[in-house]
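Next up is one chain by itself, shown in structure tokens, the form predicted alone.
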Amino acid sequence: MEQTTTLPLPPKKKIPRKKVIRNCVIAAFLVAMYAWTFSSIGVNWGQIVSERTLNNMGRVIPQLFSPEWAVAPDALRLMGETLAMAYTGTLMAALLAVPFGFFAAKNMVDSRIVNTAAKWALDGIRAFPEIMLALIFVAAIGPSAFAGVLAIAVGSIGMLGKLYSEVIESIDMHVVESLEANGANKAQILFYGIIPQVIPEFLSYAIYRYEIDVRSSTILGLIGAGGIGMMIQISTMNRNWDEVGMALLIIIFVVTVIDYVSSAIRKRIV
């Protein structure tokens, strides 16, 4: 019969007291910040649990879960408009972000001024949320799907330009140096040494951005930028919660399908 030997456990590592105190201070700071921010938003618990709120919730929620199928054709048409709006805006952004990405990449432009200016421009664009851009374009050109396209395009350039610049900075420069050593000109280096390395990740990020823009486009319709968001706004104003439920059902279905297809495509590309 075999005898089992019990190996001694390694000694437990002692945590330095300074590290324990530091972690406690950080935890206390985070709790205090959360308590301060939560108390500053002015939550009215009496209003939240009031009889009126409960009655409203009891009237609205059942209608949301009983969608009005008669408006399904209109909802699908407007969802198609939303998808087209997101596609056009993302395509514009994916193309316009390319020069920003090259100018912001340190291994492409040997000028700190140009690099910094391009990065500041991308940071400035990312500071504006799409809904604010949509308000500006709706005020400028009127309520239409084109205002939503412009908001999506401008808002997406910031994110795509930054990601593109990071992709370009991570390429294998030995390929570029080999082409230079063999006498290739700038255009040949670009088309044979750089673009083949960055195209798969550029496409992957553009498709991922399209996922985000589809969700954003549904919101932009609430402020007059067209698409299914406008239907939600009108139905909400008329208190037709069953129509809102139909629109939400279509949004959930379409966004889920797009997420699944997009993930599958991006896995095959990268």
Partner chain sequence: MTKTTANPGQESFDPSNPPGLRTQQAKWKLTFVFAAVVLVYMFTSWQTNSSLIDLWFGMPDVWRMVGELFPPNWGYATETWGRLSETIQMAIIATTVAGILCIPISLMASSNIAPNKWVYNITKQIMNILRTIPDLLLAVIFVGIFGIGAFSGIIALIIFSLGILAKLLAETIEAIDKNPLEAIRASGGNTLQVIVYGVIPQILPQYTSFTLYVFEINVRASLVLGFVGAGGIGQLLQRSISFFQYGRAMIIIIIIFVAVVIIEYISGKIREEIL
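All values derive from a computational prediction rather than experimental measurement. Whichever C-alpha set is largest while still superposing within 1.5 Å between the two forms counts as the rigid core. Residue numbers count along the first chain shown, from 1.
Absent from the display: the form predicted in complex with its partner chain. The rest refers to it.
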Segment that reaches its partner chain in the model of the complex - one of 160-168, 87-95, 173-181, 110-118, heavy atoms within 4.5 Å
87-95
So in the model of the complex, does residue 258 come within 4.5 Å of its partner chain, heavy atom to heavy atom?
no
Is residue 40 close enough to its partner chain in the model of the complex to count, meaning some heavy atom within 4.5 Å?
yes
In the model of the complex, is there a heavy atom of its partner chain that lies within 4.5 Å of any heavy atom of residue 267, even though the partner is absent here?
no
Would you check, heavy atoms only and a 4.5 Å threshold, whether residue 143 touches its partner chain in the model of the complex?
no
Checked 189, 72, 198, 135 for heavy atoms within 4.5 Å of its partner chain in the model of the complex; positive is 135
Using a 4.5 Å heavy atom cutoff, which residues in 183-222 contact its partner chain in the model of the complex? It's fine if the answer is none.
196, 215, 218, 219, 222
When the two forms are laid on each other by their rigid core, does residue 239 show a Cα shift of 2 Å or more between this form and the one not shown?
no
Can we say the CA of residue 66 moves by at least 2 Å between this form and the one not shown when the core is superposed?
no
